[in-house]
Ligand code: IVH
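Quick heads-up: it's one chain on its own, the form predicted on its own, in structure tokens.
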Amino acid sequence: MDPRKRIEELKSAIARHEKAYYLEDRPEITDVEFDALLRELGGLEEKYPRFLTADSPSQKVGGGVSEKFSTYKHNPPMLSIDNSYNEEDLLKFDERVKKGLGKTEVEYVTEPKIDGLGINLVYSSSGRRLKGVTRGDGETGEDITGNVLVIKSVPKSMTFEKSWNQVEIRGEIFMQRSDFEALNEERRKNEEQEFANPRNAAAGSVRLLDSNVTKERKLQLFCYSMYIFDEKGASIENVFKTHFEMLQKLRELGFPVSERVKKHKNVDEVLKEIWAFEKDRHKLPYDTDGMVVKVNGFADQRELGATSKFPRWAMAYKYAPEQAETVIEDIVVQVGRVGTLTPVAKLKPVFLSGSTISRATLHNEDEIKKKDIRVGDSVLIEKGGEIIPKVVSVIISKRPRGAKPFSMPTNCPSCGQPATRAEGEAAWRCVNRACPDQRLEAILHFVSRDAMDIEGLGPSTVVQMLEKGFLNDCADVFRLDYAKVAELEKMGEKSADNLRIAVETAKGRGMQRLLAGLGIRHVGERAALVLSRRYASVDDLMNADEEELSSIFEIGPKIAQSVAEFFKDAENRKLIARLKELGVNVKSDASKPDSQALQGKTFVVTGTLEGVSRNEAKELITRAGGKTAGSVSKKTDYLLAGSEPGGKLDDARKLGVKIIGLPQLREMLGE
């Protein structure tokens, strides 16, 4: 192939993958595959230097800056670190360092390579103010201060020495595996797209527009560098002699630093630590995909300098993803609470990354066809993000004779009714309301801790109740015959009475818990809270149309459509009526607005507003008792317009709707 054409292809592919990884938090390929593209590009540019350009991905830090946030220029830039996947590369790095410094031995520091999101914490004015900024493109990052402030492990201020005027502390924001698993479990329940790994979950969480959601995600912080500036903005470089000394100072100041930081006399000691850590890293509660090796002396670091992309005094040694070979013994199809049919591989048990794996989700029909997965195949599996088992590839050479391509059932495996696949969707669904598996999953979700929280209704008990006809839907939970319940296996009178008390308590949970438990597609805890803040009761919510719902901050078109369709359904409206008759509280205790300043007024928001996003402006309006709509009509009281307002401004003028700016809105709010 023409080298120039291949270089352009690689540039385009890398740019696409960087956007998916850094800005959209949905990686399409593994880190190993991405690094291979970068290495191929770098090799071609080295061989054909006439095709090397300054904007090449090989010459700049990967990443970008979203338009959702204001920006901040880093000083110094937040560079990437060059990667190595073998000892040979690390030994070559050591040789380059020693040659550059004219030394025979160099002292290094090793730190776990945390799989998170790079963050710059900027403290100024004697440590009383904090600004949190993403790495972005290395030169400029996104100001996400509001989200950083709700992360518990981030110090909100710091102690300054006399000559210090501003301090920039760099680190990684990450999510522990247990919190990642809980988050993805919630997203699975609500049929929301799962995060690929903890890194993407953390990155997505800190770049949200609502810090309340960020706070719920239980993010953590580790710090690894510190830059100090005087009143004139000049860097103070003589505070610490070594990187290791600086990390100790960070700990003293209250900043979290990895417990696995170590100092080494030479590269041989570094290699021993890398080998030892590879065995230990799975015992940690968070993900690491390697070790970062840094020259310890700051004078040495300054002498070695940096390229436009990498410091010459650091290298990341990355471990290859652990994989295991096993056999697919069967493919079964599970039915979820809203009828989604999910294919699951039953595997010959195999030990991988600290646990025995016997099952792996195959996601959907398209994924199976793409990888050509068949029963009897020998396959390579790994843990996505080192947590979720996934089939990486099929070993075709070991495929048994007669292995047939897998086809999704056209009938539900639980009830036998026809399954459907909507245009544009990857999933097959069973639409039979009476489907046994759907009923079971729906009731288990309804009584779960995150919904109505009814202790005593575990899977085995609910299965018995379904078999005996005690339960047909969620409302039946509130009309149980406890004398009959006491006769169930492993129950008895005392357990039945405890269940009665738990059910009576659950009646008063309120609108938010009820919405979370009803099984509305895409509505989880957060969406349920947002809706219960906006509407005084489920009755009010049932009367809201899709346009009104989609205008609510955090309720996008997908959720709005799902909620509107759910409450249009006559059977669902009957369910709500039955719940009310049985004494279930359908009112909200979170719907009272912060003030009544805009009570009864309807706003449409358009254009770019200075200092706030449109969604944040809508939140200000709804908190003051007002309503927002997506389009201008005769019912609109005010058009809140920023720069470049578009056609809505013309519509408002034609209809005589009053047009205001952000200052007028703040005045109406009494600010």
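Numbering starts at 1 and follows the sequence shown. Please read all numbers here as calculations on a predicted model, not as lab measurements.
Keep in mind that the form predicted in complex with the named molecule is missing from the display, and what follows is about it.
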The unique member of Gly141, Gly118, Gly339, Gly519 whose heavy atoms fall within 4.5 Å of the named molecule in the predicted bound form: Gly118
Val375, Leu79, Leu101, Ile368 - the one with a heavy atom within 4.5 Å of the named molecule in the predicted bound form: Leu79
Non-hydrogen atom within 4.5 angstroms of the named molecule in the predicted bound form for each of Pro112, Tyr224 and Trp313: yes
Touches the named molecule in the predicted bound form: Ile388 (any heavy atom, 4.5 Å): no
Partner proximity in the predicted bound form: Arg135 to the named molecule, non-hydrogen atom cutoff 4.5 Å: yes
4.5 Å heavy atom contact, Arg433 to the named molecule in the predicted bound form: no
Heavy atom of Lys294 within 4.5 Å of the named molecule in the predicted bound form: yes
Interface segment, criterion being heavy atoms within 4.5 Å of the named molecule in the predicted bound form, picked from 80-88, 263-271, 445-453, 401-409: 80-88
